[in-house]
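Take a look at this single chain, the form predicted alone, given in structure tokens.
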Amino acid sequence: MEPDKQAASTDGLGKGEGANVPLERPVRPPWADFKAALEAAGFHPSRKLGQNFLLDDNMARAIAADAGINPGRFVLEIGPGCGFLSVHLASFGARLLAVEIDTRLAPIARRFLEPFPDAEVIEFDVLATKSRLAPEVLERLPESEPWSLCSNLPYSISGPLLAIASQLDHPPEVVCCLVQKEVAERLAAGPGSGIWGPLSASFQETYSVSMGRLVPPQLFWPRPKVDSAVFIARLREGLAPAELRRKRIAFYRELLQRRRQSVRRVLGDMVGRSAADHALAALGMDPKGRAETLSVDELRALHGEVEAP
């Protein structure tokens, strides 16, 4: 991609007013300036950390707009890198918490975000384990107000991070993230599609998901070997309490690990043949049908039936 030709000044930017109305567009220094800073810090992109920078400023702006950020909205961003998406989220008036694992990148993003007092960059691994957020991040998330997750997610953690987010006691109201196209398609898949599986059903217990923009490899540095896409997820109405959601999700995952086998066989191995037959008969489900054909509503009903006292 050609270096950004915009001027370097970011002076004179203040808070935006109104719903989803950005400030004057932030002016990004040329990519050559960022690259020089990265080289001075001894930085080389890490495949292990999934570091692929989205260089296209128009695409970064579009993703921030797709997230529907209103002034004052708390937004969590994972892996801000140099801050190319961050600065657009901040320009929409977000109270931005950007979490960067790489101590060489965080100062660069921090300097770029200096005009925005409500944007903060902290240096942590967002994951304490593959099933738990770092406490330093978790304690900063809102406990009652609506909030959003918007990121160019590092490919290496996108699956675990999204699974954790969907099972939080107070999950993000909106998730708008750039991920591998295959991951986005699985998140948005429907039953019987061939890619419907544990990730799809587990995430859709909490969210309604739609595909967003396709992002080609040439918009990144370094270029990934896969296509990327944005997905947008919004909380389902009538969301169940977190503990019940977690129990349902564990059930969906176990059942859909063998999604091409008959529901009766898989469920029978999980809860016993008699209980499985009773549950399927009570719900009028075909015992010979494959687990991969069951929707979230059907999976939820099946879980309720086998868990009923």
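Small disclaimer: the values here were computed from a predicted structure and weren't measured. So that there is no doubt, residue numbering starts at 1 and follows the sequence shown.
A second form of this protein, the form predicted in complex with a small molecule, is not displayed here; the remarks below concern that form.
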| item | value |
| --- | --- |
| Distance check, Gly268 to the small molecule in the predicted complex, heavy atom within 4.5 Å | no |
| 4.5 angstroms heavy atom contact with the small molecule in the predicted complex for Ile101 | yes |
| In the predicted complex, Gly50 touching the small molecule (heavy atom, 4.5 Å) | yes |
| Contact of Leu153 with the small molecule in the predicted complex (heavy atom, 4.5 Å) | yes |
| Gly81, Leu105 and Asp125 all contacting the small molecule in the predicted complex, non-hydrogen atom within 4.5 Å | yes |
| Stretch in contact in the predicted complex with the small molecule, which is absent here, among 204-212, 70-78, 191-199, 141-149 (heavy atoms within 4.5 Å) | 70-78 |
| Contact residue in the predicted complex, from Ile249, Leu54, Leu38, Leu256 (heavy atom within 4.5 Å of the small molecule) | Leu54 |
| Of Ile232, Leu97, Ala229, Ile157, the one that lies within 4.5 Å of the small molecule in the predicted complex (heavy atoms) | Ile157 |
